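Provided below as structure tokens are two forms of one protein chain, presented individually as structure 1 and structure 2.
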Structure 1
């Protein structure tokens, strides 16, 4: 059942409408568990759009297996998606910097408050993001240190390759995930792929994880899936590799994953002189989970993130 979550008048007889699709069992008792899947906060992130489609499609194929409530919010920044813009176009504003919003505030704050109010009461929420156009991310889940004890059991069920546990000091308090966790809704952020693209393999990997978690939450009736055991990190175990000068980045590795100290990650080249400005090598054994996608770089631009833990630290 498609419902309006927020509706706001805009100039010139237009309306901003944010919708959700609620899927529920044929006979609702009022005791069902509820999961919320949110995406489209940034209009240039499209993997979540495909994941939402596949969730709904799979449920509609086997409605008899649905035991709980699944709320799908495929596009909480419709103006951004229409324009292919990361933020809200008219306001030059990042939607993920205005939560939990304000019911008496401006357009973005009012919309954010309506989204949060609608999600409250969920037993779990997954906030799906792609990366921007500059970086590619392997399928990963993110959380703060203060929430790790509560969120890790969910993360282990979601079939991700990597779990990044942030220091709470580095997390922006105006994000959807931060706000919902503070309001009692366990919420994880999923990151994967690259902006303006859909990575089918990554989407299907997360999709299998979502249904596996739904089985554990007694929302979906099926046999438990076998999922990947993610590498679980802390911020202190992550190295950030940056450009020392401007130029064109050319990757030397085809896939993200396990690397050894000294592995050639790529070069920053200077086309006019034919010189390598910077050779970038792995500073440690570990896992590359973020890698530069956009070739043009400037001094200080992020090239890669490397987790320095070992494979046996999988939990």
Structure 2
């Protein structure tokens, strides 16, 4: 059933409505487990749209298999998605920097508080992201060190290639995931693909993981499926390769994945002089799981992230 989670009157005869679709078994006992799938916090991230569609479509094909409650929030920033804008149009605010929100605060905070209130009570939440227009990401799950004991069992069920556990000190406290984890709802962030695009393969991979997790949570009645065993990386095992100067990045690799030390990842060029200002090579054997997509770079722009924990690993 499609429900309105937040409704806000816009100035000229329109409402901003954040919706969810609740799917539940025909006979609800009140003891069902509940999973929430959230996406669209950033209007430029679109993989979650396809994932939400496929989850609902699969459930509708076999409603008899549904034993728990599945809440799908396909777009929590509807104006942003409509405009292809990462933030909330008009406020120029990143929605994932205003959680847990505030009912007495600005409109964006009010909306954020409404979303959080609605998700509270879920047994698990997955927040699906698609990087941004600047970087492309291999399918991965992210969590902080302090939550790893609680979240790793969920992450291992989700068919991801990669789980990145990062230092708590780099965590942004105003994100949806941070807020929900703080409020007792185990929440993982899925990152994949690149902004403004849908990568079907990545979506299908995550989708299989979501159904596998729902089986484990006793929300979906099916045979457990085989899922990938993810590489689990901590902050110290990830090398960040950044632009040392401003220029245009031209990638030399077609795909992310396994690389060897010295592999030519790309160049930062200066078109007006015809010079290469930086040649970027892999500092180690490992796996490249993030790669620059948008060519214009200033000093400091992230070019790639390389996991060096296990050498020459095939994924």
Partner chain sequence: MRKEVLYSLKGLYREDFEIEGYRFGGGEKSACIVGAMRGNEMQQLYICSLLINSLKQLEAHGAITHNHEILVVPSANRYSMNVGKRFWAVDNIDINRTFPGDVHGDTTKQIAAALFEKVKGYSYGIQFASFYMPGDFIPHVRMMETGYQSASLANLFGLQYVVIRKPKPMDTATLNYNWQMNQTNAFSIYTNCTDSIDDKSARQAVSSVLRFFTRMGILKYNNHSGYIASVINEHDLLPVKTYDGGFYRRLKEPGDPVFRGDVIGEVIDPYEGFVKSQIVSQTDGIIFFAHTAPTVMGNQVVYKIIRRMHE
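Here, rigid core means the biggest group of C-alpha atoms that superpose within 1.5 Å across both forms. Positions refer to the first chain, counted from 1. Everything numeric here is computed off the predicted structure, so don't read it as measured data.
*Asks:* Only one of the two shown forms is the form predicted in complex with its partner chain, so please name it by number.
*Replies:* Here the form predicted in complex with its partner chain corresponds to structure 2.
*Asks:* Please check if residue 245 moves between structure 1 and structure 2, taking a CA shift of 2 Å or more relative to the superposed core as movement.
*Replies:* Indeed, residue 245 is displaced by 2 Å or more.
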